[in-house]
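First come two forms of one protein chain, each written alone as structure tokens, so that there is a structure 1 and a structure 2.
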Structure 1
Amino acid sequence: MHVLEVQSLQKSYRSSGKVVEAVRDVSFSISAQEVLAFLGPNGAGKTTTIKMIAGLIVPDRGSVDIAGRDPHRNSRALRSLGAVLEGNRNIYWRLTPEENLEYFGVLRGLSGRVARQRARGLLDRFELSHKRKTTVQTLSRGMQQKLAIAVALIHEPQLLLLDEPTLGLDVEATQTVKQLVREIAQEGRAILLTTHQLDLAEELSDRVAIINKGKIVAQENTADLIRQFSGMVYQIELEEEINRSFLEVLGRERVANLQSLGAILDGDRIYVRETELLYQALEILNPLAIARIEKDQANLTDIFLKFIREEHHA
């Protein structure tokens, strides 16, 4: 069952005479327990898409469906949605964490009593109980962001939108947010996450959608995407020998045999393209001492840049 279904969303802005096509024909869906990383360079249209989902921007065309309801037609759809929007001020800095949670709880349709109960639970869970009576403006950036996420969860929505939730956080706070996102997805919620930290996206996401200039250019299971781009290249590194160069260690015959396999010798490494060829190469190298054999792994950053540049040339 999809918690969120976005279909052919389209949005252009008119500003000072020019028309900016911010989002062009964007479609995707997210199921319960799934984290979709929504990636793209600055100005690609991520925030615009997120705000169309949250009912804050009216799309020119296309539809949004959150747990069976359209937020633009039926405001009850917003009961199923929590959002931490871009920027660091989703909560009242003049109120305490407890007051923020209780106020937003009622604003999202809870009774005061339930909001108070949930607030206490969330403060405990997010390790903010000791700060529950200090105003938010005196909290650290990391705590403020944790609270913003807690506030977005107060009404236990099925869908959570996180627009750059780790922006401006230090390493430790980023780790905390990462852990929280993982837990929240495991509880069964669907999460849409945008970030420019691609390592974070790689670790957290089940699927990625890459958007560039308003258009989705790739959408795939994260592990599959990485596997697909990693190809089948193996890297062999020999034990170093003092006083002898790499080529001397190998000897002319081995070099020729390796090259006939299609292997590439680069510096002091040998690259082989397929698993089958790897064993043949190893036979050729026998009995030389091997330090390391490694499968070349692409990471999300390489893949992301490849898609963005490809678009650029096209």
Structure 2
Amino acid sequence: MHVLEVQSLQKSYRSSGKVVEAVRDVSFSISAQEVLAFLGPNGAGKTTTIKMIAGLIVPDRGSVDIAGRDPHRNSRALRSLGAVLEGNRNIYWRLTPEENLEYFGVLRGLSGRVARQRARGLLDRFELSHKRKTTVQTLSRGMQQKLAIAVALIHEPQLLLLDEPTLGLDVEATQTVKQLVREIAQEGRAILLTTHQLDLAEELSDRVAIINKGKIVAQENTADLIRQFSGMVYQIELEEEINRSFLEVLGRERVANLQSLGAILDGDRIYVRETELLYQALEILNPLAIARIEKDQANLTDIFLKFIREEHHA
């Protein structure tokens, strides 16, 4: 079942007497336990789309469905939504973590008793109990971000919007937040992740949707997308550099056999295409010491830039 379903969203604005199409026929969905990375350059239409999902902007056309409800026609739909905004904008800095959780819990429709109970549980889970009486503005950036996620979860929403969840965090805090995101998804929530940190999107997402100039230009399972753009070239790195003495040890016949496979010899590396040819090359190289073998692998940054540049030149 889809927790979020976006169908044919469109939104236009007037600017300097001209009509600007901010979002053009955008459609996607997210299921429970799924993380969708919603990616695009600045001005691509991400923020406008997210505001329509959150009920903050009314679309010109199209629909949004959150757990079976339209946020533009039924405000109860927003009870199934939690959001973590860039810069921790969903928490009050002059309140304590405990006060933030209880306040937002009641604001989201919980009774005071249930809000306090859930606040204690979230403080324990996010390892913030020892800071529960400390004002937020004195907490570390990592603690603030953990609290922001806890606040978004206080009413146990089915859909979580995450905007730049690790921006500005140190390595340890980043790893903590990434682990929390994985756990939250595994608990059955759908997560819409927006970030310019494409390595984060690659690591956390199940699927990717790339938006540019207001329209979706790619939407695919993350692993499948990377596989499609990855090559079939294998790099064999030897412990000894390929020089004249090396070639003498290897022998002219074996060098010729490698070259007949289409292998390229360069420095301490040998490049071959296709898995079958890799194994043939390894047989020829036996018993030479091999440091490592790598396959040419695309990453989400390369793929993202390819789509954006193609659209730019289209």
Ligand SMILES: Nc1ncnc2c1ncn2[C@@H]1O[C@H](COP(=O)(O)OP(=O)(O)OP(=O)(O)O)[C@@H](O)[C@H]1O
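In this text, rigid core is short for the largest set of C-alphas that superpose within 1.5 Å between two forms. The shown structure was predicted, so the numbers you read here are calculated from the model rather than taken from an experiment. Residues are numbered by position in structure 1's sequence, first residue being 1.
Structure 2 is taken from the form predicted alone, while structure 1 is not.
When two forms of a protein are overlaid on their rigid core, residues whose CA moves 2 Å or more are considered shifted, and Val233 is one of them between structure 1 and structure 2. After superposition on the rigid core, the Cα of Leu305 moves by less than 2 Å between structure 1 and structure 2.
Note on Ser15: its Cα is shifted 3.9 Å between structure 1 and structure 2, core used for superposition.
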